[in-house]
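First, one chain by itself: the form predicted on its own, in structure tokens.
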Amino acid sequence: MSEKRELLRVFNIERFATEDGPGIRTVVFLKGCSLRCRWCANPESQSFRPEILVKVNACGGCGRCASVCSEGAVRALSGSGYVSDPDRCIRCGSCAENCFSDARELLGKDYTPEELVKILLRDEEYYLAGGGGVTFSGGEPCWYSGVIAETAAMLKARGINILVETCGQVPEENLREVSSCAEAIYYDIKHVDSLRHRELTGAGNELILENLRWLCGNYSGDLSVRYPYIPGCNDGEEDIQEFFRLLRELKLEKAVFLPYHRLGTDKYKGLGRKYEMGEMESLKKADLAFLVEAGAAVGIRVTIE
């Protein structure tokens, strides 16, 4: 895996977003992440490679995609329709182009900073009028730190706010580069215990915590530390208290908790993958209301989003 990406590999551009930062924003979702969180809502973001995603409910089951695939990469999978084997697929897009029901999509298109800025400026007046801007998300956008910095420089010259969402599992150099061009950083902490973090995400959290400490000592923008609250994974009382202790150690007074949701389950089917959270039901904000009082008891102002 290259630590510096030369182009921005995008799998989605969401316009008029209101949940990934203040105001009206455009969210640029970039492919590639070092973590494999059990609850990941965007499994199509994990691989750096382009992928074919099947819209399971739209697939008519005609099999045309399989017949036009020169590599024999498309197979029928119970409950998912016709999915593409990532090891055999050459990402030519032929199956998507020949789908009668528009049920297949090739995700992962490369942009230069100039090409992406041209798209993002379509909504410039909305950003400026409502205090919004552009959010880089993923996947893990900090793998693209150099090209994000180039893109951000062009946007900031027009007065457009930049926010980056990160899990922090990247070299410090990448985080430094991103922090120099972002007015705000949303930083996820999945678990404070490194062994448990590895069980849940496939990697320890040593680098994540080191990078957070660096940000706390060096970053002058708006740093928001966020905790995805996942039943059976990191929702124990001691898990939460460990998180609060970390915040107090770093002299952070605020935290955002994100209730678990299962909105990405159809994407797993469309990629031919198993969703590891099973039938776990989504949580509501009200389910986490008790954390506001728990945080206040130790001097942490908790927000539920």
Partner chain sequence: MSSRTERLRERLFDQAPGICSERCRIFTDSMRKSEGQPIVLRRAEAFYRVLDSMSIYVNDDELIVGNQASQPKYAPIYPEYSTDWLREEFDGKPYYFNERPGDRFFYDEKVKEEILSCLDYWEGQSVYERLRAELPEEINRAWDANVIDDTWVSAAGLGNVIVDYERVVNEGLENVLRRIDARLEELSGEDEETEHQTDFLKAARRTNEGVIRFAQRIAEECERQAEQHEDPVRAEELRKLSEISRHVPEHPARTFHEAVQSIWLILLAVHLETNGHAISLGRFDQYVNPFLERDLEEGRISRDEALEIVESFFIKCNELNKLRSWPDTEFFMGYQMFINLAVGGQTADGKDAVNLSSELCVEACENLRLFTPSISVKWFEGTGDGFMLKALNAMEKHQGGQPAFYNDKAFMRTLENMGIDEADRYNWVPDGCIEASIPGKWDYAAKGPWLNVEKVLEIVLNDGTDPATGYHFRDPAAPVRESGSTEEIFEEYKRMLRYFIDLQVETERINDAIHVELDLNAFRSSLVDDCIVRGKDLVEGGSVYSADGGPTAGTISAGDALAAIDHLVFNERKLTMDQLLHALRTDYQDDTTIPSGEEIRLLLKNKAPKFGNDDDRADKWVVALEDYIGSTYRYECRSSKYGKGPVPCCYSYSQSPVTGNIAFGKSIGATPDGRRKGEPVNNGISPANGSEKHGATAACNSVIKLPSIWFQKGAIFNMRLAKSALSSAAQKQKILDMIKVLFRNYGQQIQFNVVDSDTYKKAMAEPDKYRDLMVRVSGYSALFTSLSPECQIDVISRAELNV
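Numbering follows the first chain given and starts at 1. As the structure is a computational prediction, the values presented were derived from the model and not from experiment.
Absent from the display: the form predicted together with the partner chain. The rest refers to it.
Residues with any non-hydrogen atom within 4.5 angstroms of the partner chain in the predicted bound form fall in just one of 263 to 271, 238 to 246, 22 to 30, 39 to 47: 22 to 30. This chain appears without its partner; in the predicted bound form, the one residue of Asp87, Glu97, Glu114, Glu206 with a heavy atom within 4.5 Å of the partner chain is Glu97. Using a 4.5 angstroms limit between non-hydrogen atoms, Trp214 is distant from the partner chain in the predicted bound form.
In the predicted bound form, the partner chain sits within 4.5 Å of a heavy atom of Ala129.
In the predicted bound form, the partner chain sits beyond 4.5 Å of every heavy atom of Ser180. A residue is said to contact a partner when one of its heavy atoms sits within 4.5 Å of a partner heavy atom; Lys254 fails this definition for the partner chain in the predicted bound form, lying far away. For the stretch 95 to 125, the set of residues having any non-hydrogen atom within 4.5 angstroms of the partner chain in the predicted bound form comprises Ala96, Glu97, Cys99, Phe100, Ser101, Asp102, Arg122, Asp123, Glu125, in sequence order.
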